[in-house]
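Presented below, as structure tokens, is a lone chain in the form predicted alone.
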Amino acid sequence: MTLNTSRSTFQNKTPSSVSCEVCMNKTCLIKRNLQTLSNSKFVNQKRTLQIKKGQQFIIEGAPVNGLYFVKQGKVKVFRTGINGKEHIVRFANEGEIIGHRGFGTGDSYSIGAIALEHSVLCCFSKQMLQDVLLENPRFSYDMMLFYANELNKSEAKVKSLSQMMVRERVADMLLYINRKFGSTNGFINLPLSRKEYADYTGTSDEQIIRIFSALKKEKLIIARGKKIGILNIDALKKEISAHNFFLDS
């Protein structure tokens, strides 16, 4: 799959652009800065993309062509490691930015991104973003704060992977996705495969299965297929209390 092919697919399935003025996504960085951006062509030149579940919209190593804001849906962001093993960097939902690591660090994306469910993305071209950052100090300042926050999250995850035992990493991950996506009817609103849990925690599918089995026996979680529910949040927090930190959403 080439980048040009994916872009062509986007164009064939691009709906009418959703105006930032009527968008209800209050957590979006663009929406929060809309008052200062209202006189700019920036918000009027975006593309709105419909992405199917399982569709990859950023290809690792492909040329940077845009910055994506999640208007609706859930996305996983990953990097390819040794022997082609996928490592999930983070999960993203409404209001979050995808592809920002490609700006200012090179001409290609260092990550890939796949929709975990039907998603709607707002895409701004690289040139559009660079122009508005030069023109709008307030927006530039907010982007700087965003990058600083992302760096803190990345450092926290590196710390968890290096200092936590596998079971502790799994407990921390469950708490993280529960905070980030919430739950419905007792199950976290992000059904993931055992492989995806393993790819996020830096372990194997077999270890995830064993740890989930142990947590179920201890009545800390429940599982139904891909659905996982936390029965005892306080007990899971105690699992990692010695590390004195939790990954932010």
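As the structure is a computational prediction, the values presented were derived from the model and not from experiment. All residue numbers are counted from 1 along the displayed sequence.
Form predicted together with the DNA: not shown, discussed below.
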(message) On the criterion of a non-hydrogen atom at 4.5 angstroms or closer, are M165, K216 and K226 all touching the DNA in the predicted complex?
(response) yes
(request) Look up in the predicted complex whether K195 has a non-hydrogen atom within 4.5 angstroms of the DNA, and give yes or no. (result) yes
(message) Can you tell me whether S204 touches the DNA? I mean in the predicted complex, with a 4.5 angstroms heavy atom cut-off.
(response) yes
(message) Even though the partner isn't displayed, in the predicted complex is R32 close enough to the DNA, meaning a heavy atom within 4.5 Å?
(response) no
(message) I'd like to check something about K41: if you look in the predicted complex, is any of its heavy atoms closer than or equal to 4.5 Å to a heavy atom of the DNA?
(response) no
(message) Partner absent here, but in the predicted complex, which of 64-72, 206-214, 42-50, 181-189 has residues with a heavy atom within 4.5 Å of the DNA?
(response) 206-214
(request) Output the sequence-ordered list of residues from 61-77 with at least one heavy atom within 4.5 Å of the DNA in the predicted complex. (result) none
